[in-house]
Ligand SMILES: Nc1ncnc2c1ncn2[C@@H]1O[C@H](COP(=O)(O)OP(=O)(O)O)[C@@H](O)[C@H]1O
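Listed next as structure tokens is one chain, alone, in the form predicted alone.
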């Protein structure tokens, strides 16, 4: 029997117990766990143009101008409000986050940003992890980091490093962790990053490598970005942690009045020879459906690329790693 999802309005046939929920005298249907979690922890928003209420499920449905947020139930409403030209030049801010370490988070952030830049699209890669792995991976180092920018010590141009054509990087180091207490004291609601970047329009994409925790820094990133990609290594513990990050996102949405869209769950370290990898991938596909992206296979070249201070597209463009991350880049570029 075909039913309609209560959140995204997709037609589907329920197969799992969570997809049918009774609420009072009504029966509601959910095509995925993301839609179920969104319904339980989020509220409908009202279209800024036509006034219709709807659940956010697409990137184009939300737009930030400074500290103002606008919602659009359809592309037609967005075009009426902003004009087609403005829609094409909006800045997409993507967080790459997982609270569990060792999931390929930095590898994903570096190669996603590099892949987008290789398409001729102006991209900024921001390292918000005090470990500073982004700079190490691309062979750049600077004493002027994201911490100095957030502390109002320097301008954005002073800490931005052009590393490739159409790709700029802002590095990080342990200074960010040392300053975190000052950030919390001065900005307990984690608005600092959003405020500092509010007038930045030089880039079409800003990709942020997040710390592996939901600390102040993690909340600041989620308060700034409007999309998130969650790398999940194909092992049981990482899979279990995915539920926690989804719940944290919905908590942030509710607590900080945000509406972050999950662009995708990215299976990483996928080993085609390993049965557990296939089982984890099947579970991710079952639970997250079209939000589950094509897996990134285990690839020696991916591990070697940072040693040579290159992205996978520069170091081994014909490798499985380049092929898999190119699929991610294409998915992100065409995601609406």
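Everything numeric here is computed off the predicted structure, so don't read it as measured data. Residue numbers count along the first chain shown, from 1.
There is another form of the same protein, the form predicted together with the ligand; it is not shown, and what comes next is about it.
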**Request:** May I ask you to choose, among 36, 302, 56, 284, the residue with a heavy atom within 4.5 Å of the ligand in the predicted bound form?
**Result:** 302
**Asked** Since exactly one of 107, 123, 160, 250 fits, which has a heavy atom within 4.5 Å of the ligand in the predicted bound form?
**Response** 107
**Message:** Within 4.5 Å, heavy atoms only: does residue 103 come near the ligand in the predicted bound form?
**Reply:** yes
**Message:** Can you work out whether residue 298 and the ligand are in contact in the predicted bound form, taking contact to mean some heavy atom pair no more than 4.5 Å apart?
**Reply:** yes
**Request:** Spell out, yes or no, whether the shortest heavy atom distance between residue 288 and the ligand in the predicted bound form is within 4.5 Å.
**Result:** no
**Asked** Should residue 269 be classed as touching the ligand in the predicted bound form when contacts are defined as heavy atoms within 4.5 Å?
**Response** yes
**Request:** Could you tell me which of 273 to 281, 46 to 54, 28 to 36, 289 to 297 sits within 4.5 Å of the ligand in the predicted bound form, going by non-hydrogen atoms?
**Result:** 289 to 297
